[in-house]
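Shown below, as structure tokens, is a lone chain in the form predicted alone; questions about how it binds or moves come after it.
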């Protein structure tokens, strides 16, 4: 019976594959312009629309931390480092704080790695508090608004809640001193305590040069229907199961490990990037947090992202038409994933692929060195520019205080 189902699935994929390529063969246009306001926003140039003052902090907050562990340059939280470097030479930078629209504090809060390269967030709150105490003591600009015209890069799993486990992140909440600031963070989930209103959700860092070196000829057939590599269970941190990925990854494995339409495994082959370029759909399920680098990789390699993370807020959602390039699957519907994906018309699949082939779509997901027009750096600046001008209500009256400097866990109040 199982072999019969496998054979039927294989025939179904063959029919889908042939149908897609038959339609594609008759088309001369392999990319599609992003229609409407989304495309116009992606192409915005932030230069001339805002000015950013970069605080000069002692190197213990950034450069010395990086010198101790250069691995921080390549992990998925590295946007905080590259954004700092970008701003130092950006034409939006001003050396005159009196004319600044925004103020940026370069603190590398994720550059504290375990031997396995995983960031530890436990020192981050004290480090951030220390940096804010420094700028509020040495410059007058923080005190005018208590940070309402300041932005911070907080690319942890759950942003400025500074914990990698959701329950504990929720318990902590956003660091009190950052509650008036604009947070630029990878974490995004609707109605979540770790995503404050006005935050800018950005893609995680993925090494552009590394991905560029794995590109294969664009006309290579996409002979894999569904692709995924990664954990399905996290036995070490979730021994009873069901908590990790809210059970969604486990459901993928239990339902489709023997399905020939699904190329899924915990193994991470050296051909991982090449395989994504041979796949039609790439699964992007939540893990401990709703986001992962797979989302970036899927877009870069033209593999339609299948987003399995309820209530996720995706990167640059006001500029990138995620509903047009991806497929949303509610976590409860994972057992029906094969039916949902095989029922998508070939014309819809082709349109998504042509949109993904648009260079501006890919550019917006990357933090290249050096920066390029339309990249993630510029999308962040565009997001900040769209918040201007600041409402006069952000400026405090003489003697007015809103933030409680002594709030939060006792451990956060210790000197850093």
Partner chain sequence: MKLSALQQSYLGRRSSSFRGSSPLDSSENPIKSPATIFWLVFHCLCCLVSLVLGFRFSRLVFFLLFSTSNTIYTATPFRPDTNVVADKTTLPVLNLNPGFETSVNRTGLGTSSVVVGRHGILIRPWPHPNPDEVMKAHQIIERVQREQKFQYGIKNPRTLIAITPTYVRTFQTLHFIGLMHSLMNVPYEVIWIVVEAGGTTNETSSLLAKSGLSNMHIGFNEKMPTLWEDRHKMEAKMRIHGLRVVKENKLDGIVMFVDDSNVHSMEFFDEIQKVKEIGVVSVGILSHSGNSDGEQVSVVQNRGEESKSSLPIQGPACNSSDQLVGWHTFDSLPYVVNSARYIGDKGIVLPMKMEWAGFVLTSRLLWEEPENITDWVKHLQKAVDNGQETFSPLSLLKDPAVVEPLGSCGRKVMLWWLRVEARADSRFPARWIIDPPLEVTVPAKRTPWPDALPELHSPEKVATIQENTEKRATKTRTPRSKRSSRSKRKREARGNVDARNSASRVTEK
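Model, not experiment: these values are computed from the prediction. Residue numbers count along the first chain shown, from 1.
The form predicted together with the partner chain exists for this protein as well; it is not shown, and the discussion that follows is about that form.
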- Task: Within 4.5 Å of the partner chain in the predicted complex, counting heavy atoms only, one of 131-139, 235-243, 206-214, 314-322 shows up; tell me which.
- Result: 235-243
- The one option of 66, 350, 50, 57 with any heavy atom within 4.5 Å of the partner chain in the predicted complex is 350
- Could you spot which one of 101, 275, 263, 310 gets a heavy atom to within 4.5 Å of the partner chain in the predicted complex? 310
- Item | Contact of residue 97 with the partner chain in the predicted complex (heavy atom, 4.5 Å) | no
- Query: Does at least one non-hydrogen atom of residue 146 fall within 4.5 angstroms of the partner chain in the predicted complex?
  - Reply: no
- Query: Heavy atom to heavy atom, is residue 189 within 4.5 Å of the partner chain in the predicted complex?
  - Reply: yes
- Looking in the predicted complex, any heavy atom of residue 221 within 4.5 Å of the partner chain? yes
- Go through 244-260 residue by residue and record those having a heavy atom within 4.5 Å of the partner chain in the predicted complex; state none if no residue qualifies. 244, 246, 247, 250, 251, 254, 255, 256, 258, 259, 260
